[in-house]
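Take a look at this one chain, the form predicted on its own, written out in structure tokens.
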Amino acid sequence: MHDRELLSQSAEETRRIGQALAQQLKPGDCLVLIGNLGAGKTTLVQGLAEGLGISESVVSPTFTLMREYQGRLPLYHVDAYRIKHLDELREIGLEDTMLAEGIVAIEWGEKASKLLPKGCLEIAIELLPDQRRKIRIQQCA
């Protein structure tokens, strides 16, 4: 997938970007979502879920660390915001989950960087002063 930058005018548009992205994903893909609180990470994941045919309501897994949803491909939604040590992600089975045949989307993924496989997609969402979102998608280094 090529590096690109998109501009979202609304939460609905951010969801549509997630839906479109879901159509390009394949089993085993890992998405690292980066952005401040309120930037739109969960909204983008909601769009991913819709694009994968998941009908369940997708909410941030802040307190559970990981939620699993079933669709065209399984979606593993991880939130690393509250983790203090990488061992917390190991304990929930993140490394094994990344070997599964689903899609792993990790909010605050920069905190899990040492556990991530090569080839992840980094999705950086920046809230602009006018409330639009700049969404940058690129291969992780």
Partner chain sequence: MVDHLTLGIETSCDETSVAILRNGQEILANVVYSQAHLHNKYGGVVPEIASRNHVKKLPFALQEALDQAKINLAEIALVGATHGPGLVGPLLVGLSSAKGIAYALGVPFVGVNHLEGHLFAHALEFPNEPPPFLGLIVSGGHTILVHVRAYGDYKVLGETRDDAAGEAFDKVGKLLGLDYPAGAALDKLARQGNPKAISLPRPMLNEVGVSQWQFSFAGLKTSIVYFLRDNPKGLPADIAASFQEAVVDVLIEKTLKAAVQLDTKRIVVVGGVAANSRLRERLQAEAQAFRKNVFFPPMALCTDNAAMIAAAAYFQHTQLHQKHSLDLAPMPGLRL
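Numbering follows the first chain given and starts at 1. All figures in this text were calculated on a predicted structure; none of them were measured in a lab.
Separately, the form predicted together with the partner chain exists; it is not shown, and the next lines address it.
Original post:
Since exactly one of Val58, Leu73, Ala112, Val104 fits, which has a heavy atom within 4.5 Å of the partner chain in the predicted bound form?
Top reply: In short, Val58.
**OP:** Could you work out which of Leu116, Ile34, Ala100, Ile92 is the residue within 4.5 angstroms of the partner chain in the predicted bound form, going by heavy atoms?
**Re:** Spelling it out, the residue with a heavy atom inside the cut-off is Ile92.
Original post:
Can Glu50 be called a contact residue for the partner chain in the predicted bound form at 4.5 Å between heavy atoms?
Top reply: No, Glu50 is distant from the partner.
Original post:
With the cut-off set at 4.5 Å between non-hydrogen atoms, does Lys26 touch the partner chain in the predicted bound form?
Top reply: Although the partner chain is absent here, Lys26 would stay clear of it in the predicted bound form, with no heavy atoms inside 4.5 Å.
**OP:** Report whether the minimum heavy atom distance between Ala124 and the partner chain in the predicted bound form is within 4.5 Å.
**Re:** Contact with the partner chain, no.
**OP:** Could you confirm whether Leu128 comes within 4.5 Å of the partner chain in the predicted bound form, counting heavy atoms only?
**Re:** Because a heavy atom of Leu128 falls inside 4.5 Å of the partner chain in the predicted bound form, the answer is yes.
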